[in-house]
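Heads up, the chain below is alone and in the form predicted on its own; it's given as structure tokens.
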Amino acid sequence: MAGVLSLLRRLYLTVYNWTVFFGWSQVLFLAVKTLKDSGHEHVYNAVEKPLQLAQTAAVLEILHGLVGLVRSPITATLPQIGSRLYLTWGILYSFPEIRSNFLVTSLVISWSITEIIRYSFFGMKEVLGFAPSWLMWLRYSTFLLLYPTGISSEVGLVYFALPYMKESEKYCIRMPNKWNYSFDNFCAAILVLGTYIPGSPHMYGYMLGQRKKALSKSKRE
């Protein structure tokens, strides 16, 4: 029975990883093609649907960690996925005014390259039981550049969306109401920006530690 469950787990994770890999590959292809053909102002419209699908699929990774399908700690997975979902739905989907910003292109390209490498890495491990050394190096090295460009793009897009949040009051809840509750989306976005101050160095340090551990283990093997 344990062998059957292990096989089903590997089959599921293989399908999941390679499916999302192809989703992010489509995002990158469309982003680069549109950037070349039409300019950065049109990148979001070209990648909107595959971006939303590929990024939202990452919610399953939280469930994977909770039920023990993978060993990734929720404390590392949740903040990263949460921030990306916030950018995908709470910023880019909700405020069309910023979709033509050049930071959308740097965000999409940073995210997609990172995820193409990450999902192919885990997909190879499920299929073969290991990942090639070159892919492991990419998995634990490209973030050195792509994490800063991605984070900078995220922060910049939230910042540029602030005036439109304040003016439109989209998603705001004002009192009085039957729930006796209020919510200000503008203030919430300011708090989100504040979390990047301690959160970004912490995550970068965590990934540096993971890189050192993974590459040193690879050398020993």
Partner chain sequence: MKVSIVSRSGREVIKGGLELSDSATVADLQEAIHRRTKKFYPSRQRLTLPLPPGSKERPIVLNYKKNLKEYCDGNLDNLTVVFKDLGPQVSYRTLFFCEYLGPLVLYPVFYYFPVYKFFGYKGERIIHPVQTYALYYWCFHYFKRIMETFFVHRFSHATSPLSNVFRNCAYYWTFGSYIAYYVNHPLYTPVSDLQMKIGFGFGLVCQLANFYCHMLLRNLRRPDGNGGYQIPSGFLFNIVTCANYTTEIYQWLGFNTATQTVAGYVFLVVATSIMTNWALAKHRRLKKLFDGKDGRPKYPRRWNGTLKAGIEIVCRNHRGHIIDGKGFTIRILSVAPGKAKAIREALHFAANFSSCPITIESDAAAVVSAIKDSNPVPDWEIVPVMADIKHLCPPWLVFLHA
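Please read these numbers as outputs of a predicted model, since none were measured by experiment. Numbering follows the first chain given and starts at 1.
The same protein also has a form predicted together with its partner chain, omitted here; what follows describes it.
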Exercise. Can you check whether Met175 is within 4.5 Å of its partner chain in the predicted complex, heavy atom basis?
Worked result: yes
Exercise. Can you check whether Ser168 is within 4.5 Å of its partner chain in the predicted complex, heavy atom basis?
Worked result: no
For this session: Flag Ser182 as yes or no: does it have a non-hydrogen atom within 4.5 angstroms of any non-hydrogen atom of its partner chain in the predicted complex?
Result: yes
Exercise. Using a 4.5 Å cut-off on heavy atoms, what residues in 23 to 44 are near its partner chain in the predicted complex?
Worked result: none
